[in-house]
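Below you will find one chain, with nothing else, as structure tokens; this is the form predicted on its own, and questions on how it binds or moves follow later.
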């Protein structure tokens, strides 16, 4: 009698629950324009954009090991690419959103040749310097409104209801593509390589992992997702300026949502973004108290939950709604 072989479990119970909840949420959001007020729709678009940026930054830092403090470069490039494509080239502004992501990815290729020459803290500072260079360049181009910025006049061709509905649906698609895309990527062989790199670049390379190529791929993919999110964010705002698009204000938001939520997990940025928007809605009208509340929450979480809120829950209770690992089950 032959002994039963161990089996590999690809999806846990929590993973199945997570997929069902995600599908239900997507279906509910797709019907949003029919029952949500305009203010709520704009808020959902902002939430989707920040979550997409956070997922991209988490992929870059939490898995690729590339600590960038200059991702605002691709937020700005994506945003301005949308305005150029729609206002000046006459393209459909909604179709221009993914094209703006491609433009950001194309800019990431030569940028990587510069910043990848450095590592560690020097790499982080280099990404910030590059973002500032892009900001200064855009601020000195009169066709882009210089420092005062420019409005998205191409949207005047659409009535308010059509504009808000399509922007909202694009936000839902952005959520699916970024969160679902990261989940699919991390469950692929490339995800195994990224996990190995996160533990040790040297050990991963010794096992045949093409560390340089994979980091470049992650960097470009993160630029694409961030560029799409930036384009959609400023489409929702209908106006863009260099300081708003390339400003350093984006980096504390990404730090908060990813690190407080749980870096190196797909669920962490979701939790962090939900927490940020909750605090913003509650304390946003209290001026400095809003910033104080964010600071207090950040300090308490980092002291009490070093892995982040979701990271700590995952370790203590085994909650994995987007599990990227396989589980080996011994035969009974």
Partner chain sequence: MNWLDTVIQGTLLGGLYALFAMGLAVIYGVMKQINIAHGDFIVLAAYLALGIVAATGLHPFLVIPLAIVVFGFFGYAVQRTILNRTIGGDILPPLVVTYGLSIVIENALQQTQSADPRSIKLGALETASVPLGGGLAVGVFPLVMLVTAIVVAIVLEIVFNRTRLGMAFRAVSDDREIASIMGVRDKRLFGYATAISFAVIAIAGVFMGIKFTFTPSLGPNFLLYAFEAVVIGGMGSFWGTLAGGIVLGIAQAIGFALNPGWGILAGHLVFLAVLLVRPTGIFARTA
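Positions refer to the first chain, counted from 1. If you're wondering where the values come from, they're calculated on a predicted model, not measured in any experiment.
The form predicted in complex with the partner chain exists for this protein as well; it is not shown, and the discussion that follows is about that form.
Novice: Tell me, which of 95, 157, 148, 118 has a heavy atom within 4.5 angstroms of the partner chain in the predicted complex?
Specialist: Filtering the options by heavy-atom distance leaves 118.
Novice: Consider the chain as shown here, without its partner, and state which of 125, 238, 143, 89 has a heavy atom within 4.5 Å of the partner chain in the predicted complex.
Specialist: Of the listed residues, the single hit is 125.
Novice: Tell me the stretch among 223-231, 97-105, 164-172, 258-266 that has any heavy atom within 4.5 angstroms of the partner chain in the predicted complex.
Specialist: Only one stretch passes the 4.5 Å heavy-atom test: 258-266.
Novice: The partner chain is absent from this chain, but in the predicted complex, do 69, 129 and 299 each have a non-hydrogen atom within 4.5 Å of it?
Specialist: Yes, each of 69, 129 and 299 comes within 4.5 Å of the partner chain in the predicted complex.
Novice: Although the partner chain is absent from this view, report whether residue 137 comes within 4.5 Å of it in the predicted complex, heavy atoms only.
Specialist: Taking the distances in the predicted complex, the answer for residue 137 is yes, it comes within 4.5 Å of the partner chain.
Novice: State yes or no: in the predicted complex, is some non-hydrogen atom of residue 295 no more than 4.5 angstroms from a non-hydrogen atom of the partner chain?
Specialist: Contact with the partner chain, yes.
Novice: Within 4.5 Å, heavy atoms only: does residue 26 come near the partner chain in the predicted complex?
Specialist: So residue 26 does not count as contacting the partner chain.
Novice: Would residue 30 sit within 4.5 Å of the partner chain in the predicted complex, counting heavy atoms only?
Specialist: Residue 30: no, not in contact with the partner chain in the predicted complex.
Novice: Need the contact residues for 242-258: heavy atom within 4.5 Å of the partner chain in the predicted complex, sequence order, or none if there are none.
Specialist: In sequence order, 248, 251, 252, 255 come within 4.5 Å of the partner.
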